[in-house]
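Next up is one chain by itself, shown in structure tokens, the form predicted alone.
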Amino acid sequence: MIWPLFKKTLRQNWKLWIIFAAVLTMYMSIMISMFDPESIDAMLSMLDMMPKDLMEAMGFTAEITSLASYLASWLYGLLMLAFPMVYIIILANRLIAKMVDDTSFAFLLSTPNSRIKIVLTQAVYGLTSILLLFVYVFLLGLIMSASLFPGELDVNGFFRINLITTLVNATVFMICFFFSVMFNESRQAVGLGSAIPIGGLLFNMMGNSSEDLEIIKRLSIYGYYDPVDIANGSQMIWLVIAYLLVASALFGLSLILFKSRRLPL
């Protein structure tokens, strides 16, 4: 780790983090304020009035029995994947590819720090920012739920949702970061790095909308992520292990790749 570089990266990207934290704050606030424990049946009836395939593609489910499952379906089914993905794509490009593209990375290479330390620091910053984003979201959800609906939120279930969602987004970050390390030009890094998570999210939505397309869903990084099941206690240990393994492998590959790359600086 290079702490001066970590702090410099923080100064350059904290506004980006604040913007996306504000967006997620807005959605969390709206979704919790819309919940009414006495009219869950009315909410489910509203879902029945909408096209079933569209609702399932968006992650909305009729399996709403509590505040935790409501948030899992209406908020974590799509929004907590899509908006952090945009943040991740922008951030991963800024951390490596953009600096190589505009030659500012040459300054870092002129220091006595190794390439491994530089890339390690940038990757740790990215993963830390994602962790802090979801810690903030988790605490915000707890505070708002306690204020508006005391005792309604299953804290353990809500924690499980946020833990797995954090790991999913950390894995997406490592995918984007890997491509940021691989390419010298931002447009290539962003293009290929974003194609996998965006395509994966689309595959997941298609698989949700039709049982015939479920095999496509399973090919996605999101294919085994079911926030409602997670809130209810299933799909826990093996999902944690799977996402940790994928993210760790991409982390290691990024370090190895960048160490041996020739840079146009």
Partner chain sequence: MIEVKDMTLTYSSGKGVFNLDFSLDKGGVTGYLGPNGAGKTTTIRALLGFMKPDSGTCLVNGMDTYTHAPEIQVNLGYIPGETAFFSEMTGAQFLDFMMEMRRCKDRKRRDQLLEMFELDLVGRIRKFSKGMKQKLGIVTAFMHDPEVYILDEPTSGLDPLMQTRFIELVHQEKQRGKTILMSSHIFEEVEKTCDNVIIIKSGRIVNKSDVASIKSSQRKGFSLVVKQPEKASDLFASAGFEVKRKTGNNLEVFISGDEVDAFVKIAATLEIQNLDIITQTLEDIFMQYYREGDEAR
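Positions refer to the first chain, counted from 1. This one's a predicted model, so the numbers in the text were calculated from it and none came from an experiment.
One more form of this protein should be noted, the form predicted together with its partner chain, which is absent from this view; the next part is about it.
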### Query
What stretch, of 149 to 157, 106 to 114, 76 to 84, 166 to 174, brings heavy atoms to within 4.5 Å of its partner chain in the model of the complex?
106 to 114
### Query
So in the model of the complex, does any heavy atom of T25 sit within 4.5 Å of its partner chain?
no
### Query
in the model of the complex, does S248 have a heavy atom within 4.5 Å of its partner chain?
no
### Message
If we define contact as a non-hydrogen atom of the residue within 4.5 angstroms of the partner, is M99 a contact of its partner chain in the model of the complex?
### Response
yes
### Query
Taking heavy atoms and a 4.5 Å limit, what residues of 1 to 33 are near its partner chain in the model of the complex?
I2, P4, L5, K7, K8, R11, Q12
